[in-house]
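Here's a solo chain for you in structure tokens, the form predicted on its own.
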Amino acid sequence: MHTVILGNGILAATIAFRLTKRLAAKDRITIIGKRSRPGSATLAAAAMLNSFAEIEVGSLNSELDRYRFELSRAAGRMWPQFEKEIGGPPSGGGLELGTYVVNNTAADDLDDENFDAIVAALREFGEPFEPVAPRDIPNYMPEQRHRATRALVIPGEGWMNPRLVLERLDAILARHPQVSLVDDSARSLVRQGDRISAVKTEGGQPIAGDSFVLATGATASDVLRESDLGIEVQRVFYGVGVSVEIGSPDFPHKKCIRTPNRGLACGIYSVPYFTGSGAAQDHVLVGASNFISPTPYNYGRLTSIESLMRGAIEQINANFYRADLVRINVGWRPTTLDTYPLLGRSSIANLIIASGTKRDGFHLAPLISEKIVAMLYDEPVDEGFARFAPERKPIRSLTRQEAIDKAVRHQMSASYQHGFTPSKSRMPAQIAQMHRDDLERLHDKVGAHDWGIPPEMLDMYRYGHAMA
């Protein structure tokens, strides 16, 4: 069997790695992807292996969301063993544990509600955690106006340097005699009858195969559009995120520090960023911004970079203003129309799609790769996974009222994060009502009468990039 994998991000690489463990003598794997990985979401990630720290109000209300949460927890438990399988570094830079969640005063009371939701979930699922005094958090020295009033530590949630993980996977795959690496981008798939016969690269090279896995991340819809396969798969958008790597020799980090999710993103976070054997252990990664785009962005927007650096200085450590700017990372998180992943076999028998993981691709990689490989070998996968089938209709997980209420809360939260200071009047209530009226009109315009638009997708509907 010749398996052709479109893409070389974390999902593609982990799928290929798992496949190498099962290859028969005549089997082959071809991986198509630019060595430079433009727009790689993984290379811009922390990568935090957080399940509970990502909880927000309402995120466990539906059975489907609880199932997705259980997948996240399962993936987190798989990482220690998976790291051993790919040869974790003996000199550091591998999986580290201990995530501090701070409830500060930089936004509004949505932070308080999301912090409470994290605590409730930790208790419900019996996950160990401890309340901590903010002043006892290592390297946590925020400006006084933005100090935390509460904090907790989750010992079982941690982080890794995803660049080092990809380097190890690349090295394993590059030296495997049955793996071929093509330094080019996949442009389209070629269909003959009821099967895919080949991939065409941007350079015009045709690559034939027996089975195909589309795992190009945010560009998956671009490949499908060029391919004209006659199947309907909801659009994958570019969730453009920026992270900033700094050098802080006087104030190096020891643990991950983050806020709850807020303002349509994951709040502000900072993690230690070990860069390799012999390197100074004083780099810190600060993240992350997010906005949804129908097209790729190759550079970080100044507004994103400025808000991240200001947030790090004001909310994490005021001494970061003396830190060195090492690198600005831009990644395209693959985000679907309904914000749920596209995972599984398509109606074309030899085509599997793995995309739409949003900001969970790295975290979920050990689990998703295991299931995709099982599909390639026609082995059973748990029934719940079928709900993420690539050709499904968009999942409407929110009612219209729930979506509008959530969007108003997050838009107000974002305003406070970015310096909104209302006058001593009814201004906050008036602005919230303005947002609500606007959202009601938008829902009417797109025909969302008995369902709600996911808040992060509002602009895609507003400007005609999403179809109801």
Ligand SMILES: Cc1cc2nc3c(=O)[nH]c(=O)nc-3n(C[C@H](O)[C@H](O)[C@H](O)COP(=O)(O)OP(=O)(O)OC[C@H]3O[C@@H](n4cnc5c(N)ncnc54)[C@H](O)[C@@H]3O)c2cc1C
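Keep in mind that this is a model prediction, so the values were computed, not measured. Numbers follow the displayed sequence, beginning with 1.
Quick note: we don't show the form predicted together with this ligand, though the next part is all about it.
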item: Selected contact from 270, 243, 99, 259, since only one has a non-hydrogen atom within 4.5 angstroms of this ligand in the predicted complex; value: 243
item: Residue among 48, 55, 29, 407 with a heavy atom within 4.5 Å of this ligand in the predicted complex; value: 48
item: Contact flag, residue 139 vs this ligand in the predicted complex, heavy atom cut 4.5 Å; value: no
item: Contact of residue 108 with this ligand in the predicted complex (heavy atom, 4.5 Å); value: no
item: Touches this ligand in the predicted complex: residue 9 (any heavy atom, 4.5 Å); value: yes
item: Heavy atom of residue 288 within 4.5 Å of this ligand in the predicted complex; value: yes
item: Location of this ligand contact in the predicted complex, chosen stretch of 310-318, 381-389, 181-189, 128-136 [non-hydrogen atom, 4.5 Å]; value: 181-189
item: Contact set, 314-342 vs this ligand in the predicted complex - heavy atom within 4.5 angstroms; value: 331, 332, 333, 334
